[in-house]
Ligand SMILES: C[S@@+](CC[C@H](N)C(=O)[O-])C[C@H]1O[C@@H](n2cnc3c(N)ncnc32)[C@H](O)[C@@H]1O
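This document starts with one chain, in the form predicted on its own, laid out as structure tokens.
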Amino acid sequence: MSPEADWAARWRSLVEGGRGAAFLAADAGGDRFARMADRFGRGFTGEDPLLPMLLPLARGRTVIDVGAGVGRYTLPLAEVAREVVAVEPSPAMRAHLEPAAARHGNIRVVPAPFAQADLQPADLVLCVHVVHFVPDAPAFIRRAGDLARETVAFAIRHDAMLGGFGDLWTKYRGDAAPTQPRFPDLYNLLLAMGHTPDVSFYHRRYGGRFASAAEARERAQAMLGAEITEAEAEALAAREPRPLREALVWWRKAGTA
């Protein structure tokens, strides 16, 4: 196989057999992201370490925010961009996004998966913590590149985020916890596809993911297929934030400054 095919196959195996698949499979109903939307909809605390890197890329430009979610980046980018097109297929995410977007005059919400969305080119195509859910990463990357007039930017974790589930997975499932594609996988895939991206690393603090021990227990049972103890649920709910490395990976189209 070619280097691109090798990295694409590795990527697909991580998505289809990894933590992302287990996480999304745990969400009941037709909207795989419903539980994530409820949690994200509670809001984010503290300064976002990625936003200062994104604002200069978006200032005065048109932006496609792929997998916009509840609007974590759509809304602040709209303060500096000419227009932000928020692509979000999840009804649960859009229930939080659309009322906030309506208060801006330059946000358009597209309720469709990225691959099927009817989109016009924009100056910046942005994908923050989205591509690690996508089995066919090369197709996703090529579509982002086709739609970008100037810049394509991906944000992805470098460090694995197990959120306290790693030891529990081994205890209840008997093997190592699955993971997701991370920065090294994306970077090497991009190199194999002919891109030489710029990279900036930053740290984000993760923790406090659950509002209560009951919520932690419900999530753990869905992911692990086992009932954890009360003490384990309380430990998950009380988990202190910890810094993990993430990377902003971006490249400019040929002929752009």
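We number the residues from 1 along the sequence you see. It should be emphasised that the depicted structure is a prediction, and the values quoted were computed from it without experimental measurement.
Keep in mind that the form predicted together with this ligand is missing from the display, and what follows is about it.
Interface membership of P89, defined by any non-hydrogen atom within 4.5 Å of this ligand in the predicted complex, is confirmed. Remark: M223 does not count among the residues lining this ligand in the predicted complex, judged by a heavy atom distance of 4.5 Å or less. A residue is said to contact a partner when one of its heavy atoms sits within 4.5 Å of a partner heavy atom; F210 fails this definition for this ligand in the predicted complex, lying far away.
Although the partner is absent from this view, A68 contacts this ligand in the predicted complex, with a non-hydrogen atom inside 4.5 angstroms.
Here the chain stands alone, but in the predicted complex its contact with this ligand, taken as any heavy atom within 4.5 Å, falls in 72-80 among 183-191, 72-80, 99-107, 170-178. For the options I141, V128, V85, L147, the one in contact with this ligand in the predicted complex, meaning a heavy atom within 4.5 Å, is V128. Contact with this ligand in the predicted complex, judged by any heavy atom within 4.5 Å, is made by just one of A122, I156, V134, V152: V134.
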